[in-house]
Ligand code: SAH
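Here you get one chain, nothing else, as C-alpha cells; it is the form predicted alone.
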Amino acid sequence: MNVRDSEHIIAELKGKENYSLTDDSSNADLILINTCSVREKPVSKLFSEIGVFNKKKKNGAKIGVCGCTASHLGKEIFKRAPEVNFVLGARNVSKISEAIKKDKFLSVDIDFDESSYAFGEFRNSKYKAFVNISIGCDKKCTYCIVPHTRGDEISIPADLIIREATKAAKNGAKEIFLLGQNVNNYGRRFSDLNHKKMDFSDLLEMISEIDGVERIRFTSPHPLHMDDKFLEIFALNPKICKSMHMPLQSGSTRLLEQMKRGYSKEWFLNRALKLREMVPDASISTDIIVGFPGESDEDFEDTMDVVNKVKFEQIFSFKYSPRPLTKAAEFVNQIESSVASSRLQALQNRQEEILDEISKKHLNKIYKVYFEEKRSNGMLAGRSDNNALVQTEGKDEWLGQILDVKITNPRRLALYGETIF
C-alpha cells in the first residue's frame, strides 16, 4: 500500500509539477520519505534518515515526510526535525502539489476522503499494477495504529477501479494486485450513497472479465470475512492466483478476543483447512505476533498448534511492539522482551522446518511463471500462480510473459528451475 501511495505521489508530481525522478539525493530538488508506523523501528529510523538526507541535499532542496508516521506525529515532526519542509498524512496524498509550494505545510486529516480522486498514471512495473480498492480501516484491533493514521474505511467506486485496471492491462500489465486494509470487506461503505451494492467477490468477478488481465492477486483479506462465497470465487475463478494471505496474529482464542480480531482459533482453522481442501496447491501466508500482553505458554502453544496444522508457506512474525494510541499499549500485563524473543525464535525455527518439508514437494513440478524482473545475478525472476518465487536463466524478451518452468532446485525462499517449451 505504501508503494502504491508513492506511485500516486510521483504521478501527481510528474504530471502536474514537471518533476522527474532521480536516484541521486544530492541532485534532488525534492526528497520525499514515505513512512510506516505499524512498528516502532521504522518510526525511529525516520529521523536518522532525515538527518542523512539533510547533510546530502543541495541548497534549496526540500524534504517532505509522508505516510502513516506523518499522520501519527504531525507537527511534532517539525519540532524534532526543523529541516523538514512539509508533512503529508496517509489520507492526504492528493495534496502533494499544494504541499510543495508552502513551507511548513501540514495536512494529516484522517477523515479526508480521497476515495473518488482520480490520480495520474505512474507505476514502478509495467508488468504488474497495484490498484487500491479501499482506504482506511474500521477494525479496532487493540495492537494496531492503522485506524489512527488512515482513518475509517471507505471503498473506492467500482467504476474507478475497473477503469484503472483496464488501462493498466492495455499498457501491458497482465497482473492486477488489489490493495486494501481489509480487501474482502469491500463494499461496506461508499462515499456515494447511491453506489450499487456489491461485495469483494462481485468486484473480483468484474475485474476477471477485463481483456488482458490474466492474473489477480490481493492483500490483505480478513479471516472474519472469509465466507463460503468468497472461498468459492477464489477456488473456481481461474484468473485469481491461488495464494491467500490470512493474518492469524495469534492462535489463542483468548488473546484474539483481547486483540479484538472478531474470530476464534476454531474459525480460522475451519477457513484455512477448507481452503486447503478446495485448492490443494494454494499457498497460505500469515502474520503472527508473539509476546502480546498477557500471552501465556498455553496461548503460545495454541499459536504453534495452528502453525503445525495449517503449515503456512510463509509467516511474517514479529514481537509485539506497543504503539501509541492503541489499547494494548495500556495493558498492564506486558510480556518481558526475553520471553517474547524466545517464543519468536521457537516459532521461526519450526517454520524453517515446515519450509524444508514444503520445498521438497516442489521438485520436478512444473509451474506457470510470470516473469517480472531480471536479478543482479543475471537470472530472470517471477511468481508462480501460488506465489512461489521462481528464478531461471533466460532471455530478456521473456519478461512480461507467462512460461512453464520445471523446478530442479527448490529452496526455502526461492525455487530454481528450467524453462520448458
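Computed from a predicted model, the values in this text were never measured in an experiment. Residue indices: 1-based, along the sequence shown.
The following text describes the form predicted in complex with the ligand, which does not appear among the structures shown.
Residue-level contact is defined here as any heavy atom of the residue lying within 4.5 Å of the ligand in the predicted complex; does residue 38 satisfy this criterion? The answer is yes: residue 38 has a heavy atom within 4.5 Å of the ligand.
Do residue 220 and the ligand share at least one heavy atom pair within 4.5 Å in the predicted complex? Residue-level check for residue 220: yes, a contact with the ligand.
Residue-level question: is residue 320 within 4.5 Å of the ligand in the predicted complex, judged on heavy atoms? Contact with the ligand, yes.
Does residue 335 reach the ligand in the predicted complex, with heavy atoms at most 4.5 Å apart? Taking the distances in the predicted complex, the answer for residue 335 is no, it never comes within 4.5 Å of the ligand.
Counting only heavy atoms and a 4.5 Å cutoff, which of 272 to 280, 88 to 96, 154 to 162, 286 to 294 contacts the ligand in the predicted complex? Heavy-atom contact with the partner occurs in 286 to 294.
Counting any non-hydrogen atom inside 4.5 Å, which residue from 216, 169, 310, 144 sits next to the ligand in the predicted complex? The residue in contact is 144.
Identify, from the list 242, 72, 261, 343, the residue with a heavy atom within 4.5 Å of the ligand in the predicted complex. Spelling it out, the residue with a heavy atom inside the cut-off is 261.
Which residues from 247 to 261 come close to the ligand in the predicted complex, meaning a heavy atom within 4.5 Å? Result: 247, 249, 261.
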